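Given as structure tokens, the chain that follows is alone and in the form predicted on its own.
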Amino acid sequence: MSPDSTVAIGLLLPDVLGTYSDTGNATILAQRLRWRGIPAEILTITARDIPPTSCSVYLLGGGEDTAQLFAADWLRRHPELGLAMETSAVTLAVCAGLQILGQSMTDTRGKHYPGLELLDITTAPGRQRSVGEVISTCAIPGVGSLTGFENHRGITTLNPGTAALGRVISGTGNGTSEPGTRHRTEGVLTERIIGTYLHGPVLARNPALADHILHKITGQTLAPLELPDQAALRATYL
């Protein structure tokens, strides 16, 4: 992209999937761009809006079961948005947002609901809710450890050929392991979609992951940012 182009950040359904402050991920991306002299604009896209398909990045957050099913239905009614998420933009999907983009979701009664099928994963409820801090090692080179707070009951299975975002050191994450190992996985990673169970917001707690996303959408090598408070926050959890 041109250095003076404005980066459009699409914040999807904060009125529906806004339970865990995941909307803060948009603020983090925009501010880290502006600190580097790159203009950025956050487009807040609610359930009443027709979503634009030209954003560089889309963000989905977490929410309760009813909100999650509403969001999945809303996204299905806008297939052109799904196409953009799959072919031209980068998407960060957190918790319920991650589950929505999979093949299917199952509720506690065993009823199946279709996902957007942008990720080759399925999600079903576990025996108990997973609540607490998570630390994982990120599969993206140079990102290092990821920290966050999880609050979910979903057990997400990655089908063969689907990569995890990270390997769990502590916490639950996806609740499943890499095939043939005891290594628990966290999140999902494809060329255009990053899915995770980490709240926090995840990009506030993991600036290297934020900069990985920004590098992908700008094509630029970004100058490092020296932020002592951020380093202190990271040290609290690692």
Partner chain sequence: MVVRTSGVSPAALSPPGRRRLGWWTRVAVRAGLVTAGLSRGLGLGAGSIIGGRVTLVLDRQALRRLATGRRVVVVSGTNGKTTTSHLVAAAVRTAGPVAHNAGGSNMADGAVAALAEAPDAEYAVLEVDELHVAAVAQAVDPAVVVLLNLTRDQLDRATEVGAIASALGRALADHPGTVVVANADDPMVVSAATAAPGATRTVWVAAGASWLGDATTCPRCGCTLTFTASRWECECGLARPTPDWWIDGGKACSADAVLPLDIQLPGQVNLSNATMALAAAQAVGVSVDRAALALREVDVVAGRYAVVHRGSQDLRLLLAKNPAGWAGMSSMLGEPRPLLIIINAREADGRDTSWLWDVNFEQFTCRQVVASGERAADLGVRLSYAGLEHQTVPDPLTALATLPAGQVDVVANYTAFHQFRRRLGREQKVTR
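Residue numbers count along the first chain shown, from 1. What you are looking at is a predicted structure, and each value in this text was computed from that prediction instead of being measured.
Below: the form predicted together with the partner chain, not depicted.
Proximity to the partner chain in the model of the complex holds for all of Q31, V131 and G200, with the criterion being a heavy atom within 4.5 Å.
With the partner left out here, the partner chain still marks one of 65-73, 51-59, 188-196, 170-178 in the model of the complex; by a 4.5 Å heavy atom cut-off that stretch is 65-73. Looking at P228, you'd find a heavy atom of it within 4.5 angstroms of the partner chain in the model of the complex. At least one heavy atom of T19 is located within 4.5 Å of the partner chain in the model of the complex. Contact annotation for A232: at least one heavy atom lies within 4.5 Å of the partner chain in the model of the complex. When contacts are judged by a 4.5 Å heavy atom cut-off, T137 does not count as touching the partner chain in the model of the complex. This chain lacks the partner; the member of T157, Q103, T162, N151 within 4.5 angstroms of the partner chain in the model of the complex by a non-hydrogen atom is N151.
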